[in-house]
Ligand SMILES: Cc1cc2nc3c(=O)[nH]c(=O)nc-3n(C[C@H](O)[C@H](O)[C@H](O)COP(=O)(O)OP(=O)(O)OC[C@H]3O[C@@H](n4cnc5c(N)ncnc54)[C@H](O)[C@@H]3O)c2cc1C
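Next up: just one chain, as C-alpha cells, the form predicted on its own.
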C-alpha cells in the first residue's frame, strides 16, 4: 500500500491467525518505505481508534505482523478480529526504545502474556542464548513457546495456575526471580503488565544490584 506521509502509512489487512481462544496475530501488507528496528512498535488506527502494538516479524519480511490480546468488549480489538483481507488500517512510523542491546552481560527476558512480542522480534532478528522467564496461566497460554525455547540458552515457563505436573516453575515470573535466579549482574528486559514490572523492579533492586533494566509496559 502507498505511504500517506512521513508519519503514517496505509496498509491492507492480509489475515488473522488465532493462537489461543483470546490471542491472535494479524498481518498487513508492508507499505513502501516502512522500516523498523526489532522491538519497536506502531500506532494502529481504525475508525479513529488507536492502540500501540509491537511488530513481531523479521525486519525484511513482506508483511507486518502484530500479536493482539482480544478484548471482546474493547473498542479496537473486536474490529481487528473481524477485519477482512484488503481492509485498510493506518499505521504510524515505527518508534520506541525497547530494543536489544548487546552490552556484555547475560540478558534475562521476562515476559507475561502478549508481552512476549518484542522478545519474539529479537529472536527473529537472530538474538540467541538469553535466559527467558515466560509467565502465563497454563501451558496453552505460553505464546510462541517452541520458538522462544529453541532460541534461549535457558527457558523457564512460569505458570500461575498449572493444570498438570511438568518442567515448569509453579508460580509467577517474579517469584522465580526472587527465589531461583542466580544472584549476578544481568541486563533485564521486562515486558508485560504494570504490576509484574513494578514487582520485578523491586526484586531486581533488592537482589541484583548493579544490573541494568529495560522495560516496556504492555497492558
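Numbering follows the first chain given and starts at 1. Owing to the predicted nature of the structure, the values given are computational and were not obtained by experimental measurement.
The same protein has a further form, the form predicted in complex with the ligand, not shown here; the description that follows concerns it.
Colleague: Quick one: which of 26-34, 170-178, 152-160, 45-53 gets within 4.5 Å of the ligand in the predicted complex, going by heavy atoms?
Modeller: Only one stretch passes the 4.5 Å heavy-atom test: 45-53.
Colleague: Does residue 78 reach the ligand in the predicted complex, with heavy atoms at most 4.5 Å apart?
Modeller: Yes, residue 78 lies within 4.5 Å of the ligand in the predicted complex.
Colleague: Does at least one non-hydrogen atom of residue 123 fall within 4.5 angstroms of the ligand in the predicted complex?
Modeller: Residue 123: no contact with the ligand in the predicted complex.
Colleague: Heavy atoms within 4.5 Å of the ligand in the predicted complex: does residue 91 have any?
Modeller: No, residue 91 stays farther than 4.5 Å from the ligand in the predicted complex.
Colleague: Answer yes if any heavy atom of residue 217 is within 4.5 Å of a heavy atom of the ligand in the predicted complex; otherwise answer no.
Modeller: Output for residue 217 is yes: heavy atoms within 4.5 Å of the ligand.
Colleague: Between 117, 148, 108, 142, only one gets a heavy atom within 4.5 angstroms of the ligand in the predicted complex; which residue is that?
Modeller: Of 117, 148, 108, 142, the residue with a heavy atom within 4.5 Å of the ligand in the predicted complex is 117.
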